[in-house]
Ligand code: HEM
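Before any questions on how it binds or moves, here is one chain, the form predicted on its own, in structure tokens.
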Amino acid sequence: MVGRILVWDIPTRVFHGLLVACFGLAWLSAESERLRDIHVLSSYLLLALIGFRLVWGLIGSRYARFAEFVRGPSAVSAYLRGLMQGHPPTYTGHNPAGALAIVALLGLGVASGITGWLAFNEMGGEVVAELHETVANAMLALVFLHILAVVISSRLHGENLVKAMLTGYKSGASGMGIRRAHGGVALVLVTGLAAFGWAMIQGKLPALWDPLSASVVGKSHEEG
């Protein structure tokens, strides 16, 4: 029996939204010296989000786990063939092509964060700085490709995948949905990110955030 089932837990949905926000802030502030602190802060938060997603991909609810949606090349090829022919196979969770995009985005996010940290600390010179920019551009391109694929898949499958990620619900066979939304985990995630960001702004993590710490302290002295 087909009905409305819960597929995406709250932590996965919160992660998705916050990742978009952090990447967007990092991208928009990348070329501005005045917005440098925002760029670095959003980049650190993006790395923290990816760290959470890697853990949640191992211990999270059914459709959040990598073991559930990451499939081999044959499954990806079969799905893409079906997509080209206008009748792709239906999956309750992520389809194989979407899973591939997710893994690539996570990898690019980590690479962008590492190269950005190296460049920010003037390690590696222009080579690292250019690599950081290249990785960030590749991530942006993949984001747009992912959005396009979601729109196409939504039309072919006859379901709104964007709405499903927002609400957590999709149409599916009875008994295939998850039982818990794990709202408590999402609350811990948001609280942890807020505390982490606040600690950086206040200069509590000087090894990571010397420039911002100095600017905040200097500003407080001037205001005093």
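Don't overthink the numbering: it's just position in the shown sequence, from 1. All values reported here derive from a predicted model rather than from experimental measurement.
A second form of this protein, the form predicted together with this ligand, is not displayed here; the remarks below concern that form.
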Students should find that, of R65, R180, R155, R36, the residue having a non-hydrogen atom no more than 4.5 angstroms from this ligand in the predicted bound form is R36
Checked V150, A75, A136, A101 for heavy atoms within 4.5 Å of this ligand in the predicted bound form; positive is A136
- [ ] Check whether P88 has any heavy atom within 4.5 Å of a heavy atom of this ligand in the predicted bound form, and answer yes or no.
- [x] no
Next on the checklist: Just checking whether W117 would be counted as a contact of this ligand in the predicted bound form - the rule being heavy atoms within 4.5 angstroms.
Outcome noted: yes
message = Would you classify V40 as touching this ligand in the predicted bound form, given a 4.5 Å non-hydrogen atom cut-off?
response = yes
Notebook entry, point to check: Even though this ligand is not shown here, does W27 get within 4.5 Å of it in the predicted bound form, heavy atoms only?
Noted result: yes
Counting only non-hydrogen atoms, the one stretch of 93-101, 142-150, 118-126, 77-85 within 4.5 angstroms of this ligand in the predicted bound form is 118-126
